[in-house]
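Given next, in structure tokens, is a single chain: the form predicted alone.
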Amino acid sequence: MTPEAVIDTLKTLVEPDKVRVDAESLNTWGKDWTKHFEPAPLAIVFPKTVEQVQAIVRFANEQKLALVPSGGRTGLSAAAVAANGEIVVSFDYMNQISDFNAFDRTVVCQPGVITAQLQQFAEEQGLYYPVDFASAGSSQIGGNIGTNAGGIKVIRYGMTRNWVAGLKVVTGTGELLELNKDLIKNATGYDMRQLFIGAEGTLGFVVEATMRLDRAPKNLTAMVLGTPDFDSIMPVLHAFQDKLDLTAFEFFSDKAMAKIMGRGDVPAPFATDCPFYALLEFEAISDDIANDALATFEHCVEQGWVLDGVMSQSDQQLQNLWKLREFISETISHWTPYKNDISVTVGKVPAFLHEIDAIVGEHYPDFEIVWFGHIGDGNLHLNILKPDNLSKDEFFEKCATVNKWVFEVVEKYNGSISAEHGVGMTKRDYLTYSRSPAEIAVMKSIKAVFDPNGIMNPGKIFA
């Protein structure tokens, strides 16, 4: 079938104006935040119903046409990039929230629901959707499920998979499956819902998700603490965890802080310059808890783990302290950063970071390194900033060399080459550092069951 015939057929499967082939649309919906690959899709199609998704998949399956799912396009692993003439299936028009159940604290979402949209809905019901990150204003629930998104609250609330009660998915043959039916307890064999969470659309497309909500936190309070070195951050974490139930524990380096301060729209937390910073959050639901936080801060200062610190006294101060962490990715994007999203168990973090930092510093002393991440759950973001004198291609080529050394250390510590950004195409060739050949073979076998013709987001996770 010719490309023109494919496009004509797609227009019969959805509303004719919901198929786009103009250059601007192909470029916009053919990529995510990754800058490694040029988008080159055949067409963008916008279904509005589950039946239309099924029709698209069945047609693609018959014609052996590759499909790439597109959500908020905020991914950082090229899992939503169509670089080889694929048909992009965008869920922008499947964006409704329905069937709120106050008793079960669940709500049904179409895949195109924006994360912040669900958070706002939960707030209006006096509840809380805790999966949160800097891209919450544009990321979509379907994409969050596809990558098992984490974010800044994992230490307390876990990853996206913890909040998925049930799924409806369209497999690579166009079959509609209803998985788990929103049950809390269901001991009836394989939980296929969990297979689709984190599968990056390689098994099928999520077309509906029942999401769990939680009680709303009370009087969230944040502290930003400056430390004399990275090794001091871990005892600070332990000290506060012994006294408080933390909702977040983040860290960032002085270089990250300098980039944020350079923006000029966030006030400095305090005057003292520190090599590293920790941001922690908790519910100050009583004076006793607030006093425990201050006493723990004083203890950390006495031990030499903390040089200075501040605690929010209002919602505005809380928001300003969080901006110090949440604005980092957007701010450093100007330098075309090469990102690595890696993790180890929490206790191994200090030694792990020192080894990685030494490798990059030794081989590329002129590269500026910006560290930040969700240290409370062992997730570090290594960002190498592109020097002005290197082209993007030259820079990425040098970083690919760094990757091998970095991932050898990840393997040594039994860590993950991708803690929360997924594998996509950027980490595909490095999967063996975190997964054994036997595991990869089983994963490919699972894909073959749900997607026998290999049309669902091919080339992602593994070749």
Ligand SMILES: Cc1cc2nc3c(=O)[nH]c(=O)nc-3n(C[C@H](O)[C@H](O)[C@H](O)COP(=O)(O)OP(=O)(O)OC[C@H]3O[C@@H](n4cnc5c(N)ncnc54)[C@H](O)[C@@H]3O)c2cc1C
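Not measured: the values here are computed from a predicted model. Residue numbers run from 1 along the displayed sequence.
Another form exists, predicted together with the ligand; not displayed. Remarks below refer to it.
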Contact assignment for the ligand in the predicted bound form, among G309, G376, P337, P111, heavy atom within 4.5 Å: P111
Listed residue (F240, F282, F91, F276) with a non-hydrogen atom within 4.5 angstroms of the ligand in the predicted bound form: F91
Stretch in contact, per heavy atom within 4.5 angstroms of the ligand in the predicted bound form, of 195-203, 385-393, 175-183, 97-105: 195-203
Interface membership of R73, the ligand in the predicted bound form, 4.5 Å heavy atom rule: yes
Partner contact for P41 in the predicted bound form: the ligand, 4.5 angstroms, heavy atom: no
4.5 angstroms heavy atom contact with the ligand in the predicted bound form for A82: no
Close approach of A209 to the ligand in the predicted bound form, 4.5 Å, heavy atom: no
The ligand in the predicted bound form: contacted by all of T227, T345 and P350, heavy atom 4.5 Å: no
Stretch 148-164 - residues with a heavy atom within 4.5 Å of the ligand in the predicted bound form: A149, G150, G151
